[in-house]
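Only one chain is given next, in structure tokens, and it is the form predicted alone.
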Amino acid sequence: MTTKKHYWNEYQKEIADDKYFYERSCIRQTFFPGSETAFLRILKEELGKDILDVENQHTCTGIGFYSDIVPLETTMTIVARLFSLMTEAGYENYVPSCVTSFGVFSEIVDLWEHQPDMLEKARKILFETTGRTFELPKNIAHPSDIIYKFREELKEKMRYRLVNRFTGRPLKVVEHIGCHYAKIFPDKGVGKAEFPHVLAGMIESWGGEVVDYPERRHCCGFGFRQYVVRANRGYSVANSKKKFESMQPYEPDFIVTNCPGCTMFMDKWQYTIAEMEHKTYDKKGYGIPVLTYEEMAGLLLGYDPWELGLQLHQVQSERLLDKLGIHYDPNEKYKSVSGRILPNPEKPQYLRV
């Protein structure tokens, strides 16, 4: 008797159910701070999960590490200290906000598993410099993994669906997976590198249609050394342009990503290209909105678009909100935390807002 092998099982991922230690992202708090706040709100208020967010965190060194600026031993010690915060708090499930952090932790843990002497070196350095100790996480999951895991539970709580209220048809959504989520260690992501399903699963469950286009798995263009080195930035914008030109014929309603760098560059390079070439990738000159997965989930749950921080994006979202049927107050768009209405930012020359 032959046993049938279920190959799809190899593309699944273990994602912890509860009791998460959350590690903040340096660039996410700079680019789209509302997304981290939304994620914590979704887990605590919508799903009733135990997630700890402590203050005394620090960078994972990711951009410096992958740009060959920060040495391995330094990154190992930084990772060790962050794990010590988790251990000290009594948690075992580690949730790094950024996909670059996700890549760093996956890489360092993999290194320690294959080279135990490096793990002991990290323990020794951390204890001698800080007096701290740590245990390895039992589970490392990216926040997009967790939203994906509970996508059906969240669907039951959502006020809106990814459906165009004017036509009744599913919105066409481009999903973009961060390279450091699916490509550094393919087995760490849902669907691996071949079939990453973490964002597609959300879109399909929440009523949208995933756009399959030729450059679907092409890099967004960030590439660290492509952008950090000023002379290389032409490579960065060229990568993004290649993706935009590939998706344009499919007329997507918006783009969603699970990486802060991807969100920023696919958003802001549209402004750059519009200024340079007087071109946008939609028919009416507004550009294609680019959302984080938390912004997408938050909108469907009925969260205020301005509290989510959509006004911080270069490509504005009102036309998308109208399609979804989401109410918003344009007078509240640039309201500060203190309640003061801030001046409207200067409008781009070619990108419509």
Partner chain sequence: MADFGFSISKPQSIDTNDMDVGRLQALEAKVPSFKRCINCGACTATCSAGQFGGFNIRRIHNLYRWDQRKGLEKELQQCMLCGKCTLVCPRGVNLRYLIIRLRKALADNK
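Positions refer to the first chain, counted from 1. Just so it is clear, the model here is predicted, and its values are computed rather than measured.
What comes next is about the form predicted in complex with its partner chain, which is not displayed.
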> Which of these residues, 120, 113, 277, 152, gets a heavy atom within 4.5 Å of its partner chain in the model of the complex?
Replying inline: 277
> Among 105, 222, 269, 244, which has at least one heavy atom within 4.5 Å of its partner chain in the model of the complex?
Replying inline: 269
> Do residue 283 and its partner chain come within 4.5 Å of each other in the model of the complex, heavy atoms counted?
Replying inline: no
> Would residue 234 count as touching its partner chain in the model of the complex under a 4.5 Å heavy atom rule?
Replying inline: yes
>> Just checking whether residue 273 would be counted as a contact of its partner chain in the model of the complex - the rule being heavy atoms within 4.5 angstroms.
In response: yes
> Does residue 238 reach its partner chain in the model of the complex if we count a contact as any heavy atom within 4.5 Å?
Replying inline: yes
> Looking at 89-97, 126-134, 141-149, 226-234, which one sits within 4.5 Å of its partner chain in the model of the complex if you count heavy atoms only?
Replying inline: 226-234
